[in-house]
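Before any questions on binding or motion, here is one chain by itself as structure tokens, the form predicted on its own.
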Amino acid sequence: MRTFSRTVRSLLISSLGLPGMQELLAQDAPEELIEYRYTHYDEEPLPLDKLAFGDPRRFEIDSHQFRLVKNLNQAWTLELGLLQEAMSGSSPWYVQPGPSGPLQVMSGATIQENRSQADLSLARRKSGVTHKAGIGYSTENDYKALYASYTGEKDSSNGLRTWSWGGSYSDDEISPTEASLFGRVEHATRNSLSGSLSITQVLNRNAVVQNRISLTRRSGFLSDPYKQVWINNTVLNDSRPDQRVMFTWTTRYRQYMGRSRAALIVDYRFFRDDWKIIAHTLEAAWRQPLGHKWEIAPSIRYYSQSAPDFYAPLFFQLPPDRYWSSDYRLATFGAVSYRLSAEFRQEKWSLSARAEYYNSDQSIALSGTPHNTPGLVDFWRLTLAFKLGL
């Protein structure tokens, strides 16, 4: 397997992030590094012809991420991650009838929110098997989460296949702000348990494919305490089932193009849950080196989902099952993302940038009941990163 060139390994493995493949192809300890990443996320304002009242300006988020990967020895690797995020803007609240269709009610005051997160993991490699255990903690003004994870990887005897498996658990506490003023729940809990299994297969010297399935079960308070629903001239709090089981199948294909020294990337993801949401994601990218130091990567991503039975922008009758939501994130809609990445690499460090534009519309969904959802979001995202090898 060491006959793979450095360029092939870099394009197929390191830069594309396939789990397990760094050990599969290189058989070396993970790259030691320090990485800083800044991301600015900016949602476009709600069009005024879709606004009932409130502030049309939507969320802006600035996040700062730090990551350290350090090999303690040939067998053990320590990884530390830190995140600081600041969010401001106005949030969709509920939808009410308008003269020519549903209109979105936005929160009137600007929301200010901060989130801090820390992750720590320890990995051990021995005889072609890697075990990795991690813990993390995330806190916001109104939300706390404590979580733990485990992943394992094992190479086949011929070194052409890697089995990966894992599980995670999260315990969350919710304490919404201004609960008594707006009739929100004052304190609630939720938890999440998930497991996954994947197979990564080297097809030949230039191609890799991976298939992954995962199952997640969430339980507890799964409603959004900041969303409300208009039901026959009455505004009630968002109400969703207290359990949700989600299944995901993902396949990833990587093909190295020898003549152009580029890599073709194709990913497909299928999602289904017991809320009757079905979603499809298809992404294609082209990673092209320019000389020995530069690389660019244009990509396009398509997403489509169907809505659960308890979703509608508004209701003229009380639903019989006591579940209802007008959260636009549950609507039937499709979305297209356009991305362009560029990276400049030196021997010990690299700089990268990525710009993304996301546009959503209910008319481009593959399936599902169409709704006139005024709150669908479009956004821009810019990411800058610096990586230093140790």
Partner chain sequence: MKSAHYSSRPHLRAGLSVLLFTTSLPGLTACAVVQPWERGHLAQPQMALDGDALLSAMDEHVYGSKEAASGGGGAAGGGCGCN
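Only a predicted model underlies this, so the values are computations on that prediction, with no experimental measurement involved. Numbering follows the first chain given and starts at 1.
Below, we turn to the form predicted in complex with its partner chain, even though it does not appear here.
Colleague: What is the one choice in 165, 182, 271, 76 with a heavy atom within 4.5 Å of its partner chain in the predicted complex?
Modeller: Going through each option in turn, the one that passes is 271.
Colleague: By the heavy atom within 4.5 Å rule, which residue out of 122, 235, 213, 193 makes contact with its partner chain in the predicted complex?
Modeller: Checking each option against its partner chain in the predicted complex, the one that comes within 4.5 Å is 213.
Colleague: Exactly one stretch in 235 to 243, 95 to 103, 312 to 320, 123 to 131 has heavy atoms within 4.5 Å of its partner chain in the predicted complex; which is it?
Modeller: The contacting stretch is 235 to 243.
Colleague: Indicate whether residue 361 is a 4.5 Å heavy atom neighbour of its partner chain in the predicted complex.
Modeller: Residue-level check for residue 361: no, no contact with its partner chain.
Colleague: Taking any heavy atom pair closer than or equal to 4.5 Å as contact, tell me whether residue 255 reaches its partner chain in the predicted complex.
Modeller: Because a heavy atom of residue 255 falls inside 4.5 Å of its partner chain in the predicted complex, the answer is yes.
Colleague: Is there a heavy atom of residue 330 no more than 4.5 Å from a heavy atom of its partner chain in the predicted complex?
Modeller: Yes, contact at 4.5 Å.
Colleague: Is there a heavy atom of residue 279 lying 4.5 Å or less from a heavy atom of its partner chain in the predicted complex?
Modeller: Although its partner chain is absent here, residue 279 would touch it in the predicted complex, with heavy atoms inside 4.5 Å.
Colleague: Only counting heavy atoms and a 4.5 Å limit, does any residue of 172 to 204 reach its partner chain in the predicted complex, and if so which ones?
Modeller: Heavy-atom contacts within 4.5 Å come from 197, 198, 199, 200, 201, 202, 203, 204.
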